[in-house]
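Okay, so here's just one chain, in structure tokens, the form predicted on its own.
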């Protein structure tokens, strides 16, 4: 007789335990085996509480199912669930992620009193005149002069940045940080960027090339600008 397939695999790490759950079997089978597995592995009363990460692979669980697994692992056991991770997300979440990660390309001049606001990254081919304003939930790239206001990471992303061919803004905003124009005259030859320097706790302005060193995740568009 073949051995019964193990549905839950436990791997110990220096930070605790990782539970790998079979992604094919039924949820009910997972619940049944999890009860037994946790009971066998639970630390003794005189032992410290152990952190647990749950890896679901290509299995999707509802919030109620995640809560049920968390209760099984933690109730009457010396475990704490640090995270439950899955490679699968809901369609609505995927569409929302795509919307916030897309680059919205706009070709126009933003004049005084006008506001351009987009979800995701903004590529503006044109100028932002004094009194004009551009806002993006992601990064802002301006292939032109920035004399007005630019607000990147508008819903709180402090890793967002603002790049412009000529950087002399009325105001820069990144998430909840606010900065004025640089205290030097830009020559307009090199693209510049504004980004949050967490060590200085403020927005700093530098050449665009510094982004490859200061930001781990860069869009393909920005890489082309730096390499080109």
Partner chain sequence: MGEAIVITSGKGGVGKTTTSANIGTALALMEKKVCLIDTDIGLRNLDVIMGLENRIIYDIVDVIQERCKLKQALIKDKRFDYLSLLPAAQTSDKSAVTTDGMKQIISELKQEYDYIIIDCPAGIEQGFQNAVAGADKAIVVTTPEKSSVRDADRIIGLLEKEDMESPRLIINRIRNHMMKNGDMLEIDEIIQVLSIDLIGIVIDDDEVIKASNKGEPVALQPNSKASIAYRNIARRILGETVPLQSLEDEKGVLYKVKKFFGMRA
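Note that the structure is predicted; figures quoted are calculated from it, not measured. Numbering follows the first chain given and starts at 1.
Missing here is the form predicted together with the partner chain; even so, the following discussion is about that form.
Taking the partner from elsewhere, every residue among 114, 130 and 145 has a non-hydrogen atom within 4.5 angstroms of the partner chain in the predicted bound form.
In the predicted bound form, none of the heavy atoms of residue 155 sits within 4.5 Å of a heavy atom of the partner chain. The closest heavy atom approach of residue 109 to the partner chain in the predicted bound form falls within 4.5 Å. Comparing 116-124, 68-76, 130-138, 82-90 against the partner chain in the predicted bound form, the single stretch with non-hydrogen atoms within 4.5 angstroms of it is 130-138.
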